[in-house]
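Only one chain is given next, in structure tokens, and it is the form predicted on its own.
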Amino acid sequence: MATAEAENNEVITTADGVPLKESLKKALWQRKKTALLLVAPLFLFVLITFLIPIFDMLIRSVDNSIAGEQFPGVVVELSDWALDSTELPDEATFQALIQDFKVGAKEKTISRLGRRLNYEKSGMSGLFRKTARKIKKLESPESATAAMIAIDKKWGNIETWRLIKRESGKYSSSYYLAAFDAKKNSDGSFSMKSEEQQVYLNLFWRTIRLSFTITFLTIILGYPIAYLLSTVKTKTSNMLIILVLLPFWTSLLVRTSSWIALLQKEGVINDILVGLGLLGDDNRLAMIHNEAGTVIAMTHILLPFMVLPLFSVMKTIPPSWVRAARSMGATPFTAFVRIYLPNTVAGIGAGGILVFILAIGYYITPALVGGTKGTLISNFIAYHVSTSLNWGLAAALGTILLLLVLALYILYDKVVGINNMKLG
């Protein structure tokens, strides 16, 4: 009995004397390490080109450290000054203002703070430039308050100091408020801008509306194309797929420029309609520099992204299913709606979410053919990044756009299921 128990408890080893359990564990770790090393380049690429920029965008959308960097003395002195105070800050605050201005003017960085405050209240950038020019000649005044007010009366305005106090924190919600066409009042409360001043809410609504319209049109146009590709012979299907992919071999700018030539009032389409007598020469259609131009051009550009997922799903549907439904008395329409269409939902969903995400972030085509009435929110993000240099507002708009895409992704997962997505 003892001999049998000893045999059962005997440790199984490999040929080199290593316990089998330990050897298997080591081999499994080696496989995991190899897999991690193979995935590491892709992970680094995604980290550097995707995750880090998104994190930087999130930080920039709330970052407001410039006030503390440029006005360190003023920020400290204003810590005891109430935002709802009706009196100007004390003399010590104005003395700190002079010292901070002299340092900022010498280092030529003070204009950055003026530009930042100008986003909240117009005229602040000019005030800071004017003060920076004159502050160099100021030598130990008897009254710092009187000296600064003499440079510009705005330093004696309580609203100027309330703005500096309000924006002296390390983080600010001002960019997000501006993205929603709201603003901070002098007392710290929030309010919506007047309808004449509202820009971004209308742009977000236009972006979502046009993106859904483009997605719907690509489904309507792409579905029969994908059905044709999946039902013809393989040789014919391959030739047709080449035609579908042909636009990818042409520059995006060339395709967009071609639509400009086609859609303008003196363009090819209007000339044909006038030549056929369908339109009068004085009643040419306005199909460019408006929403129509954006929808037409972007539908053409994004159509292949709908056709390919649909084709990949339709190709897997056996034709015998529809024939079986027909043999059991179903009409062609009933067989399509009850049998064929439900099996293509995964392709419609995959193509729809792909086209919508691409459409909501497009900015080259809307900028060229959309004009002022057909531009999307992405065009204003590009404007604030490259022209106005208001990176905080651009980051806030980009973050809101990212949240919209994530909301769509979650909705798609709830309705269709992300596991059912088929792209090819």
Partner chain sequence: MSSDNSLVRFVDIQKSYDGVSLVVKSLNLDVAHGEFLTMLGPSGSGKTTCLMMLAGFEPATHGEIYLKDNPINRVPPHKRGIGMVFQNYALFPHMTVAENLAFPLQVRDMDKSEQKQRVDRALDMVQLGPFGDRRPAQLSGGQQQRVAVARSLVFDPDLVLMDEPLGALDKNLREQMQYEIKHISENLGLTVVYVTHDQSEALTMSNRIAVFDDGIIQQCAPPEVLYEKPENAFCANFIGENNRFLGKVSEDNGDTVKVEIDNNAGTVIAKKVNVGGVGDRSTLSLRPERVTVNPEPGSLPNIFNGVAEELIYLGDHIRTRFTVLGHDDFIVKIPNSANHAQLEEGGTANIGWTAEDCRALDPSD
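Nothing here was measured: the structure is a model prediction, and the numbers come from that model. Residue numbers count along the first chain shown, from 1.
The next section is about a form of this same protein that is not shown, the form predicted in complex with the partner chain.
A residue is said to contact a partner when one of its heavy atoms sits within 4.5 Å of a partner heavy atom; residue 329 meets this definition for the partner chain in the model of the complex. Although the partner is absent here, residue 201 lies well away from the partner chain in the model of the complex, with no heavy atom inside 4.5 Å. Although the partner is absent here, residue 287 is not a contact residue: none of its heavy atoms lies within 4.5 angstroms of the partner chain in the model of the complex.
Using a 4.5 Å cutoff between non-hydrogen atoms, residue 197 does not count as a contact of the partner chain in the model of the complex. Note on the partner interface in the model of the complex: the residue among 133, 153, 108, 338 having a heavy atom within 4.5 angstroms of the partner chain is 338. When you look in the model of the complex, the only residue of 283, 122, 320, 257 with a non-hydrogen atom within 4.5 Å of the partner chain is 320. Checking 212-220, 158-166, 133-141, 339-347 against the partner chain in the model of the complex, the stretch whose residues place heavy atoms within 4.5 Å of it is 339-347.
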